[in-house]
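There is one chain below, alone, in structure tokens, taken in the form predicted on its own.
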Amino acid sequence: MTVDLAPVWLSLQLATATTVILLVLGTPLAWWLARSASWLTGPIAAVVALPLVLPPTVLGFYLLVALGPHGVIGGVTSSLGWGALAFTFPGLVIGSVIYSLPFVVRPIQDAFQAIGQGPLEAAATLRASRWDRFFSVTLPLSRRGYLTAATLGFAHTMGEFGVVLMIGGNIPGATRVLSIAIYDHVEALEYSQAHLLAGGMLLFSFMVLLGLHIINKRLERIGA
């Protein structure tokens, strides 16, 4: 019995790209949500958290419309000669970034809020600039939040199904990720192949969460 590992590799690529993008884009967003007193923080926080409560098919449908040739995003990329993003790997990345957004932004935001003003004010008295305070004080004190964010974002993207199916379809080598491959095997009554992929995903998820728990305990023990 042979198992096609291409969906596994594609899922790893998708999860890695999504996590990196979310850490970059999520940091300023989390900082603003944690520090701003604007009335907009409530609506923006609600938008960020929408993927937690929206059915994946609903989010996937609207993303499909937006990324299609006549959509807001797809229309622009088509006019630039890049083609529509629906049913492409870049389209999967965009959908995954939006769908996994709260799993990355929220832990970082909580870490920023837990720091408080004391350490930053102390650094300010030493004439540290805003950027210096952020990179030398905020980021080191937020590393547990970043670890949690990166782990959850990566693992959540690896297990996506509804959103990636809606906007990516099932194109081998292009958009057929691990969760869709498992569904295909089950639909074809190929339970042996489904067991291998699903069991691997189950073991991966358990090891990720266990590793995160152990690392956080060690960091807590050393006061990080």
Partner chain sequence: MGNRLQFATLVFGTIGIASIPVAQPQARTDEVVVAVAANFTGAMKTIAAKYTARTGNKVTISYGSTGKLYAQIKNGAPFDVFLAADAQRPRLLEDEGRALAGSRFTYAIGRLVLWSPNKEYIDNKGNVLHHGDYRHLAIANPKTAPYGAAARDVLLALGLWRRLQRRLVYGENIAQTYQFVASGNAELGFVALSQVMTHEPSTRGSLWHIPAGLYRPIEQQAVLLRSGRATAAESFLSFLRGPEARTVIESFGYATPPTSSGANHRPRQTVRKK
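Residue numbers count along the first chain shown, from 1. Please read all numbers here as calculations on a predicted model, not as lab measurements.
Although not depicted, the form predicted in complex with its partner chain is the subject of the following passage.
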item: Partner-facing stretch of 126-134, 141-149, 79-87, 103-111, counted where any non-hydrogen atom is within 4.5 angstroms of its partner chain in the model of the complex; value: 79-87
item: Partner-contacting position among 158, 34, 165, 194 - heavy atom within 4.5 Å of its partner chain in the model of the complex; value: 165
item: Interface residue in the model of the complex among 53, 46, 40, 171, criterion: non-hydrogen atom within 4.5 angstroms of its partner chain; value: 171
item: Residue 64: touches its partner chain in the model of the complex, heavy atom cutoff 4.5 angstroms; value: yes
item: Residues from 164-201 in contact with its partner chain (non-hydrogen atom within 4.5 Å) in the model of the complex; value: 165, 166, 169, 170, 171, 172, 183, 184, 185, 186, 187, 188, 189, 190, 191
